[in-house]
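Next up is one chain by itself, shown in structure tokens, the form predicted on its own.
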Amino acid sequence: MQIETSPQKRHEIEADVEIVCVIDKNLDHPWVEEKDLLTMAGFEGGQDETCLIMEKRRIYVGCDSLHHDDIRSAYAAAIRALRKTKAEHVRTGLYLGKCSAQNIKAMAEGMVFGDYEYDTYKTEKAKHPVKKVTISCEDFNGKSVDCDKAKGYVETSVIVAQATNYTRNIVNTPPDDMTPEMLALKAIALAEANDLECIVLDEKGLEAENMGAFLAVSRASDHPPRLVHLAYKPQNALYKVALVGKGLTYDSGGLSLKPAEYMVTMKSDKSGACAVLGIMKAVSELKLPIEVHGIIGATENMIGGNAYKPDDVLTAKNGTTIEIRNTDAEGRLVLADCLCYAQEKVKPDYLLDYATLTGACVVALGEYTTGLMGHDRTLKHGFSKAATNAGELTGTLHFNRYLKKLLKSDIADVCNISSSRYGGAITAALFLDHFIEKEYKHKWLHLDIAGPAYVEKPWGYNPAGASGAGVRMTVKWFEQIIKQAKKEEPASGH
């Protein structure tokens, strides 16, 4: 689907169908031209409610407000509804709120998301009749925006939305077809397509890096592990950022075996790694002035005679010894070694990790919200603001010294699970904190995406299954720190 902007008035654009938003259920707005027909059809204008009046070649969609996330969701709903028609060319005008750029981007993102469906394994493929959308640079209230700027906003948002859908596709891929080796090949293909540097470590490479925790998790799998290190290095980069993603292509729980119903959807345990791939795709295509390193720990957690066991003591890359009391707390072991690798090899200005780490985070914040944790309040606040502006939900969970004591081990430096059933999302992050060096404590942010990464029902503009959690908010945060850095640059001249 091609999305373009046009300086023409809405009525001057020839198209099969026009998308019209009904804001705050107000059918009396002058742009609502078929109020009587809408009323007769029972259309009330609730958020994402649609009504197609084909004889007038208009589809109306409800939008609670001009807030960008309502606009994003409404346009996704409109495109979804039009997928049932044969309309190939769609037109619409702008709905500008407090920030023109934000709403234009939201419209384009919503349309890309509304056209998404994961149908790789279906015999009957999804229909995508809409080939082109033309957005008039005229607001429905008669205002207009600079068309060149609007075009740039649309192009940026389409790149980010497509990177999000790219992430969704990888997360949704079943474990037999997305093994650690296949995930590494996916990363190599991305590197070749987007001119990224790429290093892949196999088992021998992991052994050479002394990644004892990572290797232990992979022992019982027939599919060998892979560490992937992608790098995007523009000239004159303002920052150097390392992103670390948990890539459990399948998690059975290991010898601490999950109940059968909990194993379903465990293909999604690679969502952190997939988010990193999606971010790398977006950053390189947007050509942002930030050096970004994406580091992925890809493996399976399986059962077998060679599986690591409760009571084992593992040695991580930084020499920390770990007592294992539950083999289903495996993601933090992989992340521990990958975080050590990132600090040693990259020496970043910022260090972020993404993981479907704990069910406890879903209990604390619900299915739709990412848990943010770290030591630096300014970093957490800034990232949370970026997530809100991107349309992703976050909640901050705070560290405290009492919870950290619950990871104490009598026989090793640290235990891989807490001695309490409470505060599991925070204690998992505090376990990772053992592997963050002092100089990086205030540069590190942990994102537990266990809730929003994979939900088995549609929500807003997200389909059932993978959402691509983490991609949009990270790109928005990059834009935010770039803007801040440019403000802080010393003025030239005398």
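Residue numbers run from 1 along the displayed sequence. Just so you know, these numbers come straight off a predicted model, no measurement behind them.
FYI, the form predicted in complex with a small molecule isn't displayed, but the following is about it.
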Exercise for review: Tell me, yes or no, whether residue 168 is in contact with the small molecule in the predicted bound form, where a contact means a heavy atom of each within 4.5 Å.
Suggested key: no
Point to revise | the small molecule contact in the predicted bound form: residue 405, any heavy atom under 4.5 Å | key: no
Check your understanding: So in the predicted bound form, does residue 329 come within 4.5 Å of the small molecule, heavy atom to heavy atom?
Key -> yes
Practice item. Would you please decide whether residue 389 lies within 4.5 angstroms of the small molecule in the predicted bound form, comparing each non-hydrogen atom pair? Key: no
Check your understanding: Tell me which of 113 to 121, 321 to 329, 80 to 88, 93 to 101 has residues with heavy atoms within 4.5 angstroms of the small molecule in the predicted bound form?
Key -> 321 to 329
Review point. If you check in the predicted bound form, do 258, 356 and 417 all have a non-hydrogen atom within 4.5 Å of the small molecule?
Key: yes
Review point. Just one of 266, 316, 365, 215 has a heavy atom within 4.5 Å of the small molecule in the predicted bound form. Which one?
Key: 266
Point to revise | Single option in 206, 360, 373, 220 placed near the small molecule in the predicted bound form, where near means a heavy atom within 4.5 Å | key: 360
